[in-house]
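Read the single chain below, which is given as structure tokens and is the form predicted on its own.
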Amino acid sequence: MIKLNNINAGYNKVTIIKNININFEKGSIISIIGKNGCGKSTLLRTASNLLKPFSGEITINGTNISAIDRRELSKIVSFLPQHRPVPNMSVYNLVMHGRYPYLGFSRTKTQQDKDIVENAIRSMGLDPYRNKNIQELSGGERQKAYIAMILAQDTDIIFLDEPTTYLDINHHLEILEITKELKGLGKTVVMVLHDLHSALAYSEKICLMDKGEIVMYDTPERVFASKEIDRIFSINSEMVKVGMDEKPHYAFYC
């Protein structure tokens, strides 16, 4: 669906990511992992067209992303950054922001827009908080509100930059389960994760980066078996079995 060909990108003429060739498949969960400063967030911002590449081409369904009108692109691609200001507004109004690409010049909200927002709030379990100020919510509740906004935006491709950072374990797992629900809706979810176990456990594909380049892009099992994670992070790892659970579990040691 979205393809990056020979991408080089960065900031202030300094190249951060280079020789990037990758295809994010439709209806899958892809996690980008790597050490701090390796270019994970830069790759995400470039793929979502928030950062223009120095060279190379990004296409969506064969169309160059730069040729797509900004409003039309925001109906296809959504991006949730790791760091953002916390607005002084209600949960309902924040989620309604997701509908802005669909509103005309009059900004008149149709019944369809309102129904989509209601469904997004309900699906995230935010009904009790709909009229609360975003600033009054816990980190986990706030993150769910932002994801509800992304749901209301109704894009096929969703980029999430560290969506579980600073969350307690319950909200951490809840957000990851939500990514599976998004995939079930046919969405392509590409996220940067720092938690290696979560990335391996919840993704169809792993994009492992080092020093601005993609080292490996494959299934979690193959990336893990390659021992490239161990080399890049200078750790030791092993696959462990937990009870009767057939799902693979991963352990990492310094």
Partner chain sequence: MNLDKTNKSYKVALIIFLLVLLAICITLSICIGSTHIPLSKIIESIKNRDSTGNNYRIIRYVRLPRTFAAALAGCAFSVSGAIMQSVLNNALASPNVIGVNSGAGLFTVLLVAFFPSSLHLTPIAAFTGAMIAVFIVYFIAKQTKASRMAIVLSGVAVSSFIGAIIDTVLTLKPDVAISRTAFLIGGFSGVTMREISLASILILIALCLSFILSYDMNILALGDESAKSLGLNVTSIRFFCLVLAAVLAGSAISFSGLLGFVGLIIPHLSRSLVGYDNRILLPVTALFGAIFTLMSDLLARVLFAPYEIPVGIIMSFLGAPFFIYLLIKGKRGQLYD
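Model, not experiment: these values are computed from the prediction. Numbering follows the first chain given and starts at 1.
There is another form of the same protein, the form predicted in complex with the partner chain; it is not shown, and what comes next is about it.
- From the list 162 to 170, 119 to 127, 175 to 183, 76 to 84, the contact stretch for the partner chain in the model of the complex under a 4.5 Å heavy atom rule is 76 to 84.
- Across the proposed site, 217, 226 and 241 without exception lack any heavy atom within 4.5 Å of the partner chain in the model of the complex.
- Mapping the unseen interface onto this chain, residue 67 falls outside it, with no heavy atom inside 4.5 Å of the partner chain in the model of the complex.
- Although the partner is absent here, residue 96 sits close enough that one of its heavy atoms falls within 4.5 Å of the partner chain in the model of the complex.
- Taking non-hydrogen atoms only, residue 143 never approaches the partner chain to within 4.5 angstroms in the model of the complex.
- Looking at residue 103, you'd find a heavy atom of it within 4.5 angstroms of the partner chain in the model of the complex.
- Of the residues in 31 to 55, those that come within 4.5 Å of the partner chain in the model of the complex through at least one heavy atom are, in sequence order, 45, 50.
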